[in-house]
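One chain comes next, on its own, written as structure tokens: the form predicted alone.
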């Protein structure tokens, strides 16, 4: 826990500690970890300054926390303090209500001096030749304070490890780093790995429900939503899975990421499936990039099989397992592998749990109903279930797209039921296929798309994987 600067006792935190706690933040009054007396004193000393939370010009508004400009996402609400009605932003309401009559606050005192670490990396692994080439390019961009660099690396290339030389360089130079990702699951996955790699550096993980909310460390892992609380904070911004939902579809998240950076910052984008806008910028040569077409173990990406089932949608609607799926599971190459089953909707995940359990018990793929479950974004036991699957306490996991990327399981087969559904675009299907074959001990997991008719997304995803394998010479 960070110190609470609320008194003048001998245990009160130093100015440097207060600066680290408050600098680079853009917060509502209730979010400041200060009692009212201390807060007012800091205002009087001009160590904290207010700024308008919602700007109004002519007939338009803009929320200064999330950048929202849509009229439909603003509304009026009675204010208990002013005894009047005021505009508030509905777009970022989950982060706490921003009202026009209540300013946001930011630290105007001295900025913290982050330590320069002589030898911060405690990771003892080794990079492959292609990984090292990408890692060196990332470190070069950070050292030279280049504006941006995109690292395009296939699923399972080892993007996290490729960051280590760049993070190390930044820490040696006394810079502050944020690794931001759209999904909380990815933060939870990466946090212990980064902490093991930098054991003498304070590392914080910020996401909805995270225990530590201080956000005052030199190295921070956060969901991109958490960046809504920062401005002018980070010298190095790593955006992991830049193509993932909701980052690519929610303009408030790039807005927040841009504001959270210092003026001389370097942004590193990581992706296995760059969107069209980034590909266009690469082709026009106005976005520097490094390409890694091979997985760290040197084996090709599993190429998905497309398996048609003419009654698939009707069967799934009635919680009946399609015959094509049953035949495939009975003929799987090895049933020792765990099985990830992707479905397009929460209701389908819940409805299929019982018939899948009964089927796999009868087939003897599982010996107990406790070895199969379903998980989705609103599941309160989501984190525990994913960890149980990782620990192999669960053998089969039914999931929505929340596990399409950023999570690693060493030996799984992957099935997508109703792969033609609109939620499964090309990027999602490529990422889903990338969950298989990630371990050098089992690099050939099966991936099957069950569908009622091929879609462009399925065909393009399969072709993209084949192209990647070809470019990697495998």
Partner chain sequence: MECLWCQEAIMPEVNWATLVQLSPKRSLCPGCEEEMERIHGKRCPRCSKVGSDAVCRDCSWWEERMPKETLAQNYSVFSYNARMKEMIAKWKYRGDYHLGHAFKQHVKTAFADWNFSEEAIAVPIPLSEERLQERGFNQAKMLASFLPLETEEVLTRLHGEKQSKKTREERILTENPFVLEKALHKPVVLVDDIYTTGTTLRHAGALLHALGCPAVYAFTLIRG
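Keep in mind that what you see is a predicted model, and the values were worked out from it rather than measured. Numbering follows the first chain given and starts at 1.
Just so you know, the form predicted in complex with its partner chain exists too; it's not on screen, but the next bit is about it.
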Quiz item: Looking in the predicted bound form, is its partner chain within 4.5 Å of a heavy atom from each of 77, 90 and 93?
Solution: yes
Quiz item: its partner chain isn't shown here, but in the predicted bound form, which of 338-346, 93-101, 218-226, 129-137 has heavy atoms within 4.5 Å of it?
Solution: 93-101
Quiz item: Though its partner chain is not shown, can you say which of 72, 368, 286, 318 has a heavy atom within 4.5 Å of it in the predicted bound form?
Solution: 72
Practice problem: Could you tell me which one of 249, 81, 113, 118 places a heavy atom within 4.5 Å of its partner chain in the predicted bound form? | Solution: 81
